[in-house]
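Next up: just one chain, as structure tokens, the form predicted alone.
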């Protein structure tokens, strides 16, 4: 999971304070592993340093000042590039792919196209593993089978998610 890119995607949706970003991150992507506040603010500091976000206003709070962050054109370009690149097919892919699908829907991007791109990447990798299985040793075949079974599960998830995009869009945009 790329925390900086996910926070940038949330900021592209709307300018936010760090507290709001943490709340949204945890609600959509942090199930079972909430994002620590320190990580949110250190990540926002690095994104500001790198010109990917700017602070729009600062308001006093009961603790530290509340800063409102806005994504820059550079940050938005990085989110666009990240969303359009397929994730390397591997076990446990759903976490990153799920984040990309949800952010694409939040940002009114073509989530179905991202799923199609990912499906093609998976099928390509499955063809490679099938060739390894055909030409390799028993060890190669067993390792290839392991990878193929994971990729098949990912493909089932991609299909199921594609069929539920309209419902998911409504849920994440409410």
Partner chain sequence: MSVVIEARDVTFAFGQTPALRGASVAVDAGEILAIMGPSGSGKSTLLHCLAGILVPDSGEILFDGIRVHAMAETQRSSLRRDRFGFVFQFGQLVPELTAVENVALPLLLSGVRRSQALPKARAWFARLGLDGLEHRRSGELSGGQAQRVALARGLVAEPQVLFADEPTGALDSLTGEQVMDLLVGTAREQGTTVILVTHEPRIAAYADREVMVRDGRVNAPDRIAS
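Residue numbers count along the first chain shown, from 1. All values derive from a computational prediction rather than experimental measurement.
The protein also exists as the form predicted together with the partner chain; that form is not presented, and the subsequent description refers to it.
**Student:** Quick one: of 116, 108, 26, 50, which gets a non-hydrogen atom within 4.5 angstroms of the partner chain in the predicted complex?
**Tutor:** Of 116, 108, 26, 50, the residue with a heavy atom within 4.5 Å of the partner chain in the predicted complex is 116.
**Student:** Under a 4.5 angstroms heavy atom criterion, identify the one residue in 148, 35, 132, 54 near the partner chain in the predicted complex.
**Tutor:** None of the others qualify; the residue that does is 148.
**Student:** Please check if residue 126 has a heavy atom lying within 4.5 Å of any heavy atom of the partner chain in the predicted complex.
**Tutor:** Taking the distances in the predicted complex, the answer for residue 126 is yes, it comes within 4.5 Å of the partner chain.
**Student:** Although the partner isn't part of this model, could you tell me whether residue 120 comes within 4.5 Å of the partner chain in the predicted complex, counting any heavy atom of the residue?
**Tutor:** Output for residue 120 is yes: heavy atoms within 4.5 Å of the partner chain.
**Student:** With heavy atoms only and a cut-off of 4.5 Å, decide whether residue 152 touches the partner chain in the predicted complex.
**Tutor:** Yes, contact at 4.5 Å.
**Student:** Is residue 166 close enough to touch the partner chain in the predicted complex, meaning at least one heavy atom pair within 4.5 Å?
**Tutor:** Outside the cut-off, so no.
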